[in-house]
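Shown below, as structure tokens, is a lone chain in the form predicted alone; questions about how it binds or moves come after it.
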Amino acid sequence: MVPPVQVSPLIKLGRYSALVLGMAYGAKRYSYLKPRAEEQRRVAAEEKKRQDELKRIERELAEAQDDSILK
């Protein structure tokens, strides 16, 4: 087996600094996107609630029209 090669301290510094900068960028980006995603989920939930209510009303109207004494 070949012995491991010594990695330059400059390369190590560059790799770890890129890792830390990536983590900082990710945390900043996450904090930027999280409120937007929460707002989208809230709007989607309201829209779903509205659609469910419309479907319920439509179903009740259909049942009311079907329930006739003159069948």
Partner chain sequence: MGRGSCGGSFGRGVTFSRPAGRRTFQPTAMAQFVRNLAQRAPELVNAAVTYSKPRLATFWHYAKVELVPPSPAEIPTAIQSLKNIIRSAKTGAFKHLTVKEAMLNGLVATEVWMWFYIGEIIGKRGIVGYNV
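Numbering follows the first chain given and starts at 1. Since the structure is predicted, the reported quantities are computational estimates derived from the model, not experimental observations.
Below, we refer to the form predicted in complex with the partner chain, which is not included among the displayed structures.
Enquirer: Any of the heavy atoms of residue 50 lying within 4.5 Å of the partner chain in the predicted complex?
Expert: Looking in the predicted complex, residue contacts with the partner chain do not include residue 50, since no heavy atom lies within 4.5 Å.
Enquirer: So in the predicted complex, does any heavy atom of residue 43 sit within 4.5 Å of the partner chain?
Expert: Answer no; every heavy atom of residue 43 is more than 4.5 Å from the partner chain in the predicted complex.
Enquirer: Residue-level question: is residue 15 within 4.5 Å of the partner chain in the predicted complex, judged on heavy atoms?
Expert: Yes, residue 15 sits close enough to the partner chain in the predicted complex that at least one of its heavy atoms falls within 4.5 Å.
Enquirer: How about residue 23: is it within 4.5 Å of the partner chain in the predicted complex, going by heavy atoms?
Expert: Residue 23: contacts the partner chain in the predicted complex.
Enquirer: What residues of 1 to 34, in sequence order, lie within 4.5 Å of the partner chain in the predicted complex by heavy atom?
Expert: Stretch hits, in order: 1, 2, 3, 4, 5, 6, 7, 9, 10, 11, 12, 13, 14, 15, 16, 18, 19, 21, 22, 23, 25, 26, 27, 29, 30, 33, 34.
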